[in-house]
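A single chain comes next, written as C-alpha cells; it is the form predicted on its own.
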Amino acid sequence: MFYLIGLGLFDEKDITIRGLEIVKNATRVYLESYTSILMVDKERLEAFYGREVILADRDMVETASDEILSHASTSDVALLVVGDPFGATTHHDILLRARALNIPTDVVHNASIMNAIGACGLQLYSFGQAVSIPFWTDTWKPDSWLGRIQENVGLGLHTLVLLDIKVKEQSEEDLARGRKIFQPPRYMTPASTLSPTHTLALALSRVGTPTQSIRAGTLAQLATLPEDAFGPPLHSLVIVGSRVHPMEIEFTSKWAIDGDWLRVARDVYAVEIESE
C-alpha cells in the first residue's frame, strides 16, 4: 500500500492518530521536502515517530518516484506531506503513477493553508480561486495568476495568494551543466509582492503555529511595512473581495494596522458598519 499522509502546519505532533499508526508500521517513510516546510526539522519527526524518515526532494518525487513506489505493492510505504496531501498537484501526480502500477493507495488528510486561512476571519465560502505567485527568473515570468485574481475580483470573492518558496533548487546554469549545486533557500514575503492600492488585504505568516501573525490593511499600507514585520516563513496573502460581509470586517479588524481598515470598508466597499 502507498500512503500519502498529511502532517498539518506546525510540528511533529500535528499528525493524526491514524497517520501516526501508519508511519510506525510502514516499511519506509519519506518526507516530501520542497512544496512546503514544517516548523521543525527531520530529526524531531524521527524522534517522535520512532523511526527513520527519508527526505524526498523535488528530483526524487517528480522524476525518480519509482524509488518511492518500489515494493509498495507488497509492503506499506508512506510519503509525508506538509499540510494536506492534495495541497499540491505534485501529489496527484504520484498517486496517478501508483495507480498506473496497480499499487493500492490511501490518503490521510490534515489541516492545510487552504482551510486554516479561515483563521483570518474571512469566510471560506466567500473565497474564489487560490493562486500561487512564483519567483520570476530572467527567462521565465509567468503571470497567469494575475488573470485568476482579476476573475475573483470581478465576482467579489476573496483571493488566497500563496507565496513561493525555493528549497534545494538549482540555478539554470548548474541545471544545464548537470552540476548538483543547490541555491540557498528562498521564501517570498508579502512585502515583495504588494502594490500600493487601496484594496483591503491581509498578510499571514506561519498560519497554524504558536507564532502565527496576521496584519490587515490596504495593500498600500502593507507595502510600507518592513520585511521583519512579517517574520520568518511561511507567508501568504489574502485580497479581500467586494462582497465582504460586515461580520468579516468586524472580525478582521482585530488585525488592522489602523483605523483605515474600517474607513475603507465603509467608504470603498460600502460595508455597513454599526460602530467604529
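What you see is a predicted model, and the numbers here were worked out from it, not measured in a lab. Heads up: residue numbers just count along the shown sequence, starting at 1.
The form predicted together with a further copy of the same chain is left out here; the points below concern that form.
> If you check in the predicted complex, is residue 263 within 4.5 Å of a further copy of the same chain, heavy atoms only?
It does not: once a further copy of the same chain is placed as it appears in the predicted complex, residue 263 has no heavy atom within 4.5 Å of it.
> Evaluate residue 247 for contact with a further copy of the same chain in the predicted complex, applying a 4.5 angstroms cut-off between non-hydrogen atoms, and reply yes or no.
Flag for residue 247 set to yes.
> Can you tell me whether residue 257 touches a further copy of the same chain? I mean in the predicted complex, with a 4.5 angstroms heavy atom cut-off.
No - in the predicted complex, heavy atoms of residue 257 and a further copy of the same chain never come within 4.5 Å of each other.
> Heavy atoms within 4.5 Å of a further copy of the same chain in the predicted complex: does residue 159 have any?
The answer is no: residue 159 has no heavy atom within 4.5 Å of a further copy of the same chain.
> Please tell me which of 195, 102, 139, 89 lies within 4.5 Å of a further copy of the same chain in the predicted complex, judged by heavy atoms.
Looking at the other structure, the residue within range turns out to be 89.
> What residues of 89-123, in sequence order, lie within 4.5 Å of a further copy of the same chain in the predicted complex by heavy atom?
In sequence order, 89, 92, 93, 95, 96, 99, 109, 110, 111, 112, 114, 115, 116, 118, 119, 121, 122, 123 come within 4.5 Å of the partner.
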